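First, one chain by itself in structure tokens, the form predicted on its own.
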Amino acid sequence: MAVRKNQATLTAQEKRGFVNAVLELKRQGGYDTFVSTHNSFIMSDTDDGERTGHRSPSFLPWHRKFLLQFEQALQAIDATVALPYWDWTADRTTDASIWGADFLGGDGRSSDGQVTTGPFAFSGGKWPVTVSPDSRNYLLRSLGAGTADLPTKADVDGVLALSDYDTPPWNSSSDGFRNNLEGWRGVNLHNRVHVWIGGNMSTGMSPNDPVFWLHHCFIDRLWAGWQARHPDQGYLPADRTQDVVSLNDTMKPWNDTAPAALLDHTRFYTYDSAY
């Protein structure tokens, strides 16, 4: 069973294994399918209509399934690979190790936002951005330009203290843990990180930046932490509800998995430590 580790503790060999598997999935053509899938749900999820991947209770199980599929695709290339997570409450500067040339590469240059260092730099020839809203075919970042600061541990602890998983109207105006974690209310956790990175991460095509997976892996770990803190609270809504995925409804685009089957992450992987 895969053990998902903090990226800050990865060995040089583990970093190379992850990067090489991601690059190979890109070369094979499978990576861009994940980018397109994510973008299609960003575009279709709305507060007053059907919503599955975002602005809804299924934000967390949908992305858990999405990450599992991606992790399995990497493991088909290298069975030793597991998704790492990025704890942005601790590694929160533009020169943190995650942005090193030996891992994800650094910030975009000031002239056009193009990432020029690391294995995903366009100049390396292995990371053309082909699912894009415009003609730019290179990875873009603008660290810290869209918002000054990443969320803090105090911000996270405050959201983890919320006892209700979600509340009506089950969209971006809801109270509860899910919406505060997603970032439409409160201190803004998940959404703020996307904006802080900027570039591709500030669009629906955010998986174009491999940091997407490490960010969402940490979001998934926070959900596991909330579950451990609130064992008597569960996924809501439990009953069939218009336009949202209830506990036992299957989720698009897979149509074979309901949130109920994804509540226990230890069936699939563990984390190196609990949050």
Partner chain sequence: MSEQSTSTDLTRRRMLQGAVVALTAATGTVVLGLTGPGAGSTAAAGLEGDDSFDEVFQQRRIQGMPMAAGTAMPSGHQHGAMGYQVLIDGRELHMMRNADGTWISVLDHYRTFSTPRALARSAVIALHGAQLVPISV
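For clarity, every value in this text was computed on a predicted model and none was experimentally measured. Positions refer to the first chain, counted from 1.
One more form of this protein, predicted together with the partner chain, exists but is not displayed; see below.
So in the predicted bound form, is the partner chain close enough to Thr52 to count as touching (4.5 Å, heavy atoms)? Output for Thr52 is no: heavy atoms all beyond 4.5 Å of the partner chain.
If we define contact as a non-hydrogen atom of the residue within 4.5 angstroms of the partner, is Ser246 a contact of the partner chain in the predicted bound form? Answer no; every heavy atom of Ser246 is more than 4.5 Å from the partner chain in the predicted bound form.
Would Met201 count as a contact of the partner chain in the predicted bound form, using a 4.5 angstroms cut-off between non-hydrogen atoms? Residue-level check for Met201: yes, a contact with the partner chain.
Decide whether Val195 counts as a contact residue for the partner chain in the predicted bound form under a heavy atom distance cut-off of 4.5 Å. Contact with the partner chain, yes.
Kindly confirm or deny that Asn6, Arg64 and Lys126 each have some heavy atom within 4.5 angstroms of the partner chain in the predicted bound form. No residue of the spot touches the partner chain in the predicted bound form.
Residue (of Gln233, Gln69, Thr46, Thr33) lying close to the partner chain in the predicted bound form, criterion heavy atoms within 4.5 Å: Here the answer is residue option Thr46.
Based on heavy atom distances of 4.5 Å or less, which listed stretch (99 to 107, 158 to 166, 135 to 143, 76 to 84) is in contact with the partner chain in the predicted bound form? Heavy atoms within 4.5 Å of the partner chain in the predicted bound form occur in 135 to 143.
What residues of 162 to 199, in sequence order, lie within 4.5 Å of the partner chain in the predicted bound form by heavy atom? Sequence-ordered list: Asn171, Ser172, Ser173, Trp184, Arg185, Gly186, Val187, Asn188, His190, Asn191, His194, Val195.
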